[in-house]
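A single chain, nothing else alongside it, follows as structure tokens in the form predicted on its own.
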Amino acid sequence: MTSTKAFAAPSAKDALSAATIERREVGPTDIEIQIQFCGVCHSDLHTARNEWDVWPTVYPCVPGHEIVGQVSRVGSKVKNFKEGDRAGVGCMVDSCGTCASCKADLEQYCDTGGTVFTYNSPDPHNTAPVTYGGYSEKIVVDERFVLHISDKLELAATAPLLCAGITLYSPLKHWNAGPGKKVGIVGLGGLGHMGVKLSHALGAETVLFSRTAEKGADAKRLGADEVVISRNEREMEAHSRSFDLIISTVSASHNLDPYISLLKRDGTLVLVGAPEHPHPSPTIFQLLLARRSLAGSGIGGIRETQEMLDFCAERNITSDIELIPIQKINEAYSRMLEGDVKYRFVIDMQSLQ
């Protein structure tokens, strides 16, 4: 094992601070990545503070699943990467590989419960009690879960694509967003701004829902055709029964009914934000009387994530970021709670040195 510098949460109530963790040695099919940048996801904050009852946090917790850097070592059986390549790691580092979902390249939905997430999952290699994420100087991952990063993409701004990007790309593709479709994106944060960019790039009519008007100009700069103030009943009613797809990126509990009422017959509201408390139950008649659907979507498989990265490279799509040193991570968490970031914090991991 190799001692590695990191930043970790020692408990739910303590600030993240410098720590030393162990990484496994590089095995035959493993790739070691020297991490250059790591995005900061709202899931990092939820996990560091143990806010999800369904997924208790094991401490110390090293968050981070939007990881990009340079390959520093490869195992003897690695075929698709070499030292010096630009590479990324997203939300998963392993799965069972044999179930129907894994064979369908949907490892995030592994039927056996075998998905190993990048942090706070039981470590199958027994290097530590749980996996440790990207708030660290390096990571060792099986080749199957490592992604190629095009030289066309700015590396720091690419990091959030590994979670925020794929989290929106996957439902947009699954529900066939494109020309002739009307798509709504709820919330203009780290996830939402990627939803607007990707929906626009796919050719869909794209509407951004926001609680206030202050983000309207920015939403249109990012590709929104229209901005609807969700607190304005008249603006909402003007779009009644008109959307093919609405994706809610909001990670706080909220009323879903106003958005369900905007769906066409056979339209779908997809939830990708994971709140700390359940949403109020929607009115069932809203679903029954127009054969509407309420769905969830979780990240994307490795094949689809690579497809998304290649799509973004072709169209020069990256995240709008604010680069920070690791020493400002606790301040970044506080600002993230206030919505004070446009639109994703990314850690310059050189600051860890």
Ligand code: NAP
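Note that residue numbering begins at 1 and tracks the sequence as displayed. This structure is a prediction, so every number in the text was calculated from the model and none was measured.
Separately, the form predicted together with the named molecule exists; it is not shown, and the next lines address it.
Screening 265-273, 133-141, 236-244, 77-85 for residues having heavy atoms within 4.5 Å of the named molecule in the model of the complex returns a single hit, 265-273.
With a 4.5 Å cutoff on heavy atoms, residue 181 does not count as touching the named molecule in the model of the complex; it lies far away. Although the partner is absent from this view, residue 190 contacts the named molecule in the model of the complex, with a non-hydrogen atom inside 4.5 angstroms. Using a 4.5 angstroms threshold between heavy atoms, residue 52 counts as touching the named molecule in the model of the complex. Using a 4.5 Å cutoff between non-hydrogen atoms, residue 93 does not count as a contact of the named molecule in the model of the complex.
The single contact residue among 170, 115, 120, 249, judged by any heavy atom lying within 4.5 Å of the named molecule in the model of the complex, is 249. Interface residue among 177, 163, 224, 198, judged by heavy atoms within 4.5 Å of the named molecule in the model of the complex: 163. Residues in 302-334 all lack a heavy atom within 4.5 Å of the named molecule in the model of the complex.
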